[in-house]
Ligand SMILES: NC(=O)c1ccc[n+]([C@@H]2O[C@H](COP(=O)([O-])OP(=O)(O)OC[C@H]3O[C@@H](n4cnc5c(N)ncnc54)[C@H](OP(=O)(O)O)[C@@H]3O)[C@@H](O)[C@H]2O)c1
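Let's start with one chain on its own, the form predicted on its own, as structure tokens.
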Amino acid sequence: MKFYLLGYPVGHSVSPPMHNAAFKELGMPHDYSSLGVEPSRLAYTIKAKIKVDEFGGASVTIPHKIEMLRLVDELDGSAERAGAVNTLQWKDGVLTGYNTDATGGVKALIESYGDISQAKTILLGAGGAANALAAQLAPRVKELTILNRTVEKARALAERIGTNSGSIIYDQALIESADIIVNATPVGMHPNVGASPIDKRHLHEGQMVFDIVYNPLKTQIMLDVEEAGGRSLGGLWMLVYQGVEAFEIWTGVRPSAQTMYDAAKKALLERH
């Protein structure tokens, strides 16, 4: 059975070795590969390569997570709440969209930070991953503020999940009062490894930065918060945990998170 990573571009992804390691360990004769699809060809690709007998499921990444909402036959509640799709399942002639980003991200954050119920949290971004994380974080943290370059998108997301009003990302003074800063933008992702979405002057001791970017393993914003005396968490464990959830949706079997993490990290390090 074939499984894909749908996105554009997808050459940087370590999802194929991560999932294939789990398939191999469990003795499953499946294959997971990258499938780069330009946005203009997404609907065609769904018909030609996804809704076919040998297809089992897919991960969905930038820039297709929100557009996929209208291309599936059914939406699981997780995707409805998140306002984005990151996992597809093809079963009995029905294409269903799920979202495992949020569960993966929040699990990684809690394991690293501890109790987040009293944490003032700032979420950078308002795209597909940010939508998913916001829906999960809003009821769990003390306060969630969304910062985005386009203030209208931040406000729309904030209103949808019932959290604080969004603010323009360049109003960075708000960051100083945050306990947790979650970067759900691609700023700092390879190859733009020196870029950061915020000015490091606003970071200080006691804060945690959770960057969902996993390539590089340590982004500029993570290095900046560590330099300021704070802590950082990279996106590789989020990638792993969302992959564990997706794998279970596809196969009914829960794979080893450690096996997937080791394979993903090995693939990442081999590229540098």
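Position 1 is the first residue in the sequence shown; the rest follow in order. Computed from a predicted model, the values in this text were never measured in an experiment.
We do not show the form predicted together with the ligand, though everything after this point is about it.
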Review point. For the chain seen here without its partner, which of 111-119, 144-152, 173-181, 75-83 has a heavy atom within 4.5 Å of the ligand in the predicted bound form?
Key: 144-152
Exercise for review: Determine whether any heavy atom of residue 213 comes within 4.5 Å of a heavy atom of the ligand in the predicted bound form, and answer yes or no.
Suggested key: yes
Check your understanding: Can residue 136 be called a contact residue for the ligand in the predicted bound form at 4.5 Å between heavy atoms?
Key -> no
Exercise for review: Classify residue 65 as contacting or not contacting the ligand in the predicted bound form by the rule of any non-hydrogen atom within 4.5 angstroms, answering yes or no.
Suggested key: yes
Review point. Heavy atoms within 4.5 Å of the ligand in the predicted bound form: does residue 97 have any?
Key: no
Check your understanding: Since the partner is left out here, which residues of 183-198 would have a heavy atom within 4.5 Å of the ligand in the predicted bound form?
Key -> 184, 185, 186, 187, 189
